[in-house]
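Okay, here we've got a single chain as structure tokens, the form predicted on its own, with questions on binding and movement later.
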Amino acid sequence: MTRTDKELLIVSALENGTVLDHIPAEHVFRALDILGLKGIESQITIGINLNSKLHGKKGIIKIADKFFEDEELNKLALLAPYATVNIIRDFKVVEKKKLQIPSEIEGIARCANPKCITNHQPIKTRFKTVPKGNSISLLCHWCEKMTDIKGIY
């Protein structure tokens, strides 16, 4: 079945900026938080529950005139391990990269231990990432308790 131009929604092409693709649909707004994108002046286009051949449903975020350091982007790997990053310049993809899980994360997840000091004092959380098969666990720097990544988001 082919579609006519009237049946397709067209999102304007990005002249310069970053496209984050293959984000799990349920984590798109959390991704905006992690990257500190709420309230910035750049144009942001968000797509949620888009069809994905590989993952069923996906999300996408397009940020005009914004480029990130790898360290910033890799924080997303905890909630979007299969996300891809496309760097756009002059309407062309000039670089494509996959996210890598950082060895340590700070301030983006809560410790699951109710007795942890980070849940009672204004102390920034800090975790070491620990690969466990196809999943990741987080080791709290402060209380040394292991937290399953699925329980954090």
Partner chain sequence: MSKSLISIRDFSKEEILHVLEAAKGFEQDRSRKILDGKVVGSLFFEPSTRTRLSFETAVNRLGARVIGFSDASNTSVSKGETLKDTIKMVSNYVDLIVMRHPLEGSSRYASEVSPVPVVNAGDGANQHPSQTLLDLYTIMQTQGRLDGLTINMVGDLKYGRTTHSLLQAMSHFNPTFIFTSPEELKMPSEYKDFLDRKGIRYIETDSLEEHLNNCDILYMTRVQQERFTDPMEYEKVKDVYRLSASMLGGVKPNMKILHPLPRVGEIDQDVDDTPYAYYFKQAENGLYVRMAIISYLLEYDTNR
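Residue numbers count along the first chain shown, from 1. Fair warning: this is a prediction, and the values are worked out from it, not measured in the lab.
Note that the form predicted together with its partner chain isn't included here; everything after this is about it.
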- Message: How about residue 121 - does it come within 4.5 Å of its partner chain in the predicted complex, if we only consider non-hydrogen atoms?
- Response: yes
- Task: Flag residue 116 as yes or no: does it have a non-hydrogen atom within 4.5 angstroms of any non-hydrogen atom of its partner chain in the predicted complex?
- Result: yes
- Please run the contact check for residue 89 against its partner chain in the predicted complex: heavy atoms, 4.5 angstroms, yes or no? no
- Query: At the 4.5 Å heavy atom threshold, is residue 143 in contact with its partner chain in the predicted complex?
  - Reply: yes
- in the predicted complex, which of 63-71, 108-116, 36-44, 49-57 comes within 4.5 Å of its partner chain (heavy atoms)? 108-116
